[in-house]
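Taking the form predicted alone, here's one chain by itself in structure tokens.
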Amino acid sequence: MKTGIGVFIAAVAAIGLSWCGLVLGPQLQLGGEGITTVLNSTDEYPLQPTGAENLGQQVYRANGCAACHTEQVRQTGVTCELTLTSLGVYKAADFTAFARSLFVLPELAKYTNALADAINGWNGDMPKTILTTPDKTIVEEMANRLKAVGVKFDLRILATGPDISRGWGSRQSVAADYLYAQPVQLGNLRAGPDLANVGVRKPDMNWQLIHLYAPKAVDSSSTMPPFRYLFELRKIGSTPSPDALKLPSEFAPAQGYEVVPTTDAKNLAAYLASLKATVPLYEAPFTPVIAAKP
């Protein structure tokens, strides 16, 4: 009897601790997540989605898109990049000589070869990246020395990782990205590419709609099934519909017919085009790409 009570208490404790770790803990940590601000800005993030985007999210869910796509960009690290934007009164040869004078510095010893390769044969074209390293202290050391001689530069922090290299995002996905996601559809299989930032890669609504109707019309290697039931095939009336898809000939309907997206198709396309995580946040910093000015 005593053994049975002990087992019962132990089981209740194990279940309780698991619940605290898997349910209560995340709720306490993320349940109060709210609108945050963009790093080094007063702009708020994320923006409230439109009605069409909200409805499109439900179409995305109803059609099981999360079974083949994730919405989570992964990041493995960061790197710092120092790019020259102006030499001021100096010429390229002057800077090359100055940079070579730094090769004797012990703190730059590991990066001497990379710096030498960057400036070797350089004719002064700007912008010019001369140092890329995950070691922030090294880049700051170089930046201080450039600043002392009046050379102008950009110092950027970049996220790194396979997802970043594929162009799927500029930084890792964080809790703030999903504030308006009901429910959050992270997905766990990448039969297709990650969609967390697809609105940046493919912002054109017409492209999104054609892709939904006939994926191979925009990507011949696509394995995505067509969602043609989200579209209406109908005879052309007195005038063609302004919403009719402009399809390649091999995917176009028969003469006299047109393919028109339903409201669900339009909402789904609006949702996909809205998926953009392009701003740096406190918990996911990076330096946005801005064209350097000489």
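It should be emphasised that the depicted structure is a prediction, and the values quoted were computed from it without experimental measurement. Position 1 is the first residue in the sequence shown; the rest follow in order.
Not pictured, yet referred to below: the form predicted together with a small molecule.
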Exactly one of 74, 145, 201, 136 comes within 4.5 Å of the small molecule in the model of the complex through a heavy atom, and that residue is 201
Answer key, the small molecule contact in the model of the complex at 4.5 Å (heavy atoms) among 191, 109, 89, 93: the residue is 191
In contact with the small molecule in the model of the complex (heavy atoms, 4.5 Å), from 221 to 229, 254 to 262, 241 to 249, 47 to 55, is stretch 221 to 229
- Message: Can you tell me if residue 277 lies within 4.5 angstroms of the small molecule in the model of the complex, counting non-hydrogen atoms only?
- Response: no
Closest heavy atom of residue 196 to the small molecule in the model of the complex, within 4.5 Å or not?
no
Note to self: My question is simply whether residue 63 lines the interface with the small molecule in the model of the complex - judged by any non-hydrogen atom within 4.5 Å.
What the structure shows: yes
**Item:** 4.5 Å heavy atom contact, residue 35 and the small molecule in the model of the complex
**Value:** no
With the partner absent here, would 69, 208 and 212 each sit within 4.5 Å of the small molecule in the model of the complex, counting heavy atoms only? yes
